[in-house]
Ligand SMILES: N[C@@H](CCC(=O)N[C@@H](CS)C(=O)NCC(=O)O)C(=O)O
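Listed next as structure tokens is one chain, alone, in the form predicted alone.
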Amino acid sequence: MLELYHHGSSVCAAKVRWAMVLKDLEFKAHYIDILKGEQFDPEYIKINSKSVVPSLVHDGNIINESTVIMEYLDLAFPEKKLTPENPVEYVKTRYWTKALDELLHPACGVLTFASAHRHIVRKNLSETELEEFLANTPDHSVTVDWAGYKKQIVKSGFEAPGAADKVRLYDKYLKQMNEDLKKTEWLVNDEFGLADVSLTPYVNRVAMMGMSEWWGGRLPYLASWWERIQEVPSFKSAILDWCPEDLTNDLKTFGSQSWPEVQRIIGLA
């Protein structure tokens, strides 16, 4: 039996969820509202000590870390593999997932909190609840110092130390995606695969925050890839439909309000 602990707007949860759907795997979903602090419940911490999502439980075995989960699923259920068989293409996939884990994901955390989540938690939590939410964040989750840094971002947004650099790093990887997509239809080769599944939530995050002008006419190959991604039949049901309507609306509203600042940081304004 497969059980997935996840959240609707989590980029890490979204890529695992989509991988499971693409592999035709049935699973029991446990929704953890990370914007209300449900990830800090002691029972969930027994499953994931970092208090993040997703977590996969397979026949009683706990598997954490989204990239590791996806690799595990390809090994445990090889009938519909998402990783390429060609060794060079496999390595290229790993380059992308490694960069995502080490650099792009932390940058996404900063971009998301500075643009939208800091406003969402202030809107939905009382001052006492917000203090508790911030105090419960482990030091080592998104990054090794995420607890203290998240407090700075919630307080100062893009003015927090290093926040603008993280946005520019995000831009660097969107540009790299555009460069790779000049050569092949999908990120690694001409077949849709694990690299595309892994990167989709990070492009989708930008789109959901009303920032699609980020690629506009400047990153045409990425723009075409994004159009193809949205045409994959399971994209909407696996990624978009799990995000509650109020959260979808808040991401769009607050993200759109933050877009002029992001434009300034990446040199579009």
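One-based numbering along the sequence shown. All values derive from a computational prediction rather than experimental measurement.
Just so you know, the form predicted together with this ligand exists too; it's not on screen, but the next bit is about it.
- For the options Val142, Ile153, Ala195, Leu181, the residue carrying a heavy atom within 4.5 angstroms of this ligand in the model of the complex is Val142.
- The listed set Met209, Ala238, Val53, Leu222 contains one residue whose heavy atoms approach this ligand in the model of the complex to within 4.5 Å, identified as Val53.
- No member of the trio Ala114, Asn204 and Phe254 reaches this ligand in the model of the complex with any non-hydrogen atom inside 4.5 Å.
- For the chain shown alone, Met20 is not a contact residue for this ligand in the model of the complex, no non-hydrogen atom being within 4.5 angstroms.
- Not displayed here, this ligand is kept clear of Phe27 by more than 4.5 Å at the level of heavy atoms in the model of the complex.
- In the model of the complex, no heavy atom of Thr200 sits within 4.5 Å of this ligand.
- In the model of the complex, at least one heavy atom of Ile34 sits within 4.5 Å of a heavy atom of this ligand.
- With this ligand omitted here, the record of contacts in the model of the complex names 39-47 of 223-231, 210-218, 39-47, 240-248, defined by a heavy atom within 4.5 Å.
- Taking this ligand as positioned in the model of the complex, none of the residues of 213-235 brings a heavy atom within 4.5 Å of it.
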